[in-house]
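Below you will find one chain, with nothing else, as structure tokens; this is the form predicted on its own, and questions on how it binds or moves follow later.
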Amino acid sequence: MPILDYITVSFLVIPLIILVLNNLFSKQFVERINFKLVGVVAILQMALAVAGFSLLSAAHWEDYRFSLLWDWTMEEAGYFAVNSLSLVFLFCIGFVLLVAVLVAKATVEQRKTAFVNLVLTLLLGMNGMVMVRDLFSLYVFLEIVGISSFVLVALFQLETGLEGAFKYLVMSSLATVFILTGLAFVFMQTGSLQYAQAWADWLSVQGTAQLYTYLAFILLISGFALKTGVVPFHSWLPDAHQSANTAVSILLSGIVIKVAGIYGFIVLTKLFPGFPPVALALRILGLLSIVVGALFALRQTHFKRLVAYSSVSQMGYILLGLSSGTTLGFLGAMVHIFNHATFKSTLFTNAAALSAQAGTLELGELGGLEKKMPVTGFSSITAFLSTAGIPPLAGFWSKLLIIMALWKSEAEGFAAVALLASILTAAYFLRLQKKVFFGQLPEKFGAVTEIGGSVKFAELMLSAVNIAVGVGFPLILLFFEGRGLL
């Protein structure tokens, strides 16, 4: 299908072309148009992902393979491929990128060209990760994502930014060592890093060679847990978020930790089919992240650190969904990936609005801003209600699917804790709302007004998506049922 050739190749070629154009013309000219170009790239990626998903569904194909400058049908030739899973990720990448660009337009005033270069490199790395079909290429694109993220955190050279970036670099380097060593054990055992070959041979060995299975399992799980920022590998995440530009925080929390970490876990659940230690590890990591992340969020006094710890907690739900080993759990995890991208991007966009209008993100210095910033207040409420799983907002449905999947897979205890942890989620977000939007308005905020421009547009757009997905999700469930996914 020639049109699919154009669609799939575009996910790699378009970021490269815009990256070249961003450095080809004069700085003054480029800085007038580069955010617009990246916005167009984001919208185009979402449209292409939807088109690719529709074409694959219509043709009843599981995936579509392609290459760039070589014949992928040759023996031992590498190739890229898209399937329903990768197209969902590609759509989420474009969606979060669009929000980040809208916020960056208002918050990034210096080094715009460097910022756009790094964002495009990050986009290329994430797109490549979800389309490759061998573990070494996955690692290569993962490193592109990691290096781009590190430089983005440190780009504006604030002291705190450098500290957060350094912590991210150290933890990311440790994850690299774990993942690369784990891949070495995979190659020693199977002789190949192609997904299909590794999946076919991975658990076929017997005797002492099974030791490599467990060593690779431990190393790869640890590496991707570091990239995801789940407990107990979460220490870098709040520091990176607090110190980074808010547009970078949107990228990190909205999509990077999902592509760099969660997607790796998805690959592992296929790499270790029916391997009980994998499910157990994901359940333990998921449960710890849900509870510990929520408890730490309750203690925070900085807006972005609280939202960062909330991300740690929400990643736990996704891991629990994957751990169920069922189609329902996988579907719940994928829906929660999109929902988390929506409501977490909303909250970080709110942080950009508060920082610009009130001049601080310290909760103890805020208060009474509901009437002064009604759009920001409303979008924050919808985001926190969705995060807590309150119906009919989007987050309710993904959590419901995950809890149902855990219950059906005879993990009732994990399902109960995941359900009760929503009370903690509601508690720390109610505290956030009270500290920021309710109570007495400090005199210094008497002249504060609602933010306008691209940030306000992003808040309204994200709130509309959050509400629309929640209200319309029963129709989405009917679509999934029609495709045999439920």
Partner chain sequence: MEQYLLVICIFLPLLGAFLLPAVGKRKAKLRNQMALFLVAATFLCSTFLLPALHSGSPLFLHFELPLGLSFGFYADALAVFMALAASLVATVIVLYSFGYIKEEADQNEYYMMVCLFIGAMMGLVFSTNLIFIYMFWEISAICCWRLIGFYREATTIRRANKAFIITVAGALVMLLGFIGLYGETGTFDLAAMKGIAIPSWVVVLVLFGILSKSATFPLHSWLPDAGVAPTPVSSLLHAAVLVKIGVYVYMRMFVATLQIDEVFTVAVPALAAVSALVSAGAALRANDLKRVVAYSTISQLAFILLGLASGNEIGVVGGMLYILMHSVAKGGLFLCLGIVEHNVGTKDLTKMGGLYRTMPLTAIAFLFCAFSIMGIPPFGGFFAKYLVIAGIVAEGKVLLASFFIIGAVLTVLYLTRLFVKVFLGEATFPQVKEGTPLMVGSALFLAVLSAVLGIGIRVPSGLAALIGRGM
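Remember, it's a predicted structure, so these values are computed and weren't measured experimentally. Positions refer to the first chain, counted from 1.
Here the subject shifts to the form predicted together with its partner chain, a form of this protein not shown in this document.
Residue contact with its partner chain in the predicted complex: A427 places a heavy atom within 4.5 Å of it. Under a 4.5 angstroms non-hydrogen atom cutoff, its partner chain in the predicted complex lacks G325 among its neighbouring residues.
None of the heavy atoms of V30 is located within 4.5 Å of its partner chain in the predicted complex.
Not displayed here, its partner chain is kept clear of G367 by more than 4.5 Å at the level of heavy atoms in the predicted complex. Only one segment in the set 392-400, 251-259, 332-340, 83-91 has residues whose heavy atoms sit within 4.5 Å of its partner chain in the predicted complex; it is 392-400. Only one of F384, F95, F115, Y263 comes within 4.5 Å of its partner chain in the predicted complex through a heavy atom, and that residue is F384. Residue-level contacts in the predicted complex: of Y195, F275, W407, Y79, one residue has a heavy atom within 4.5 Å of its partner chain, and it is W407. Within 4.5 angstroms of its partner chain in the predicted complex, the stretch 438-454 places a non-hydrogen atom from each of F438, G439, taken in sequence order.
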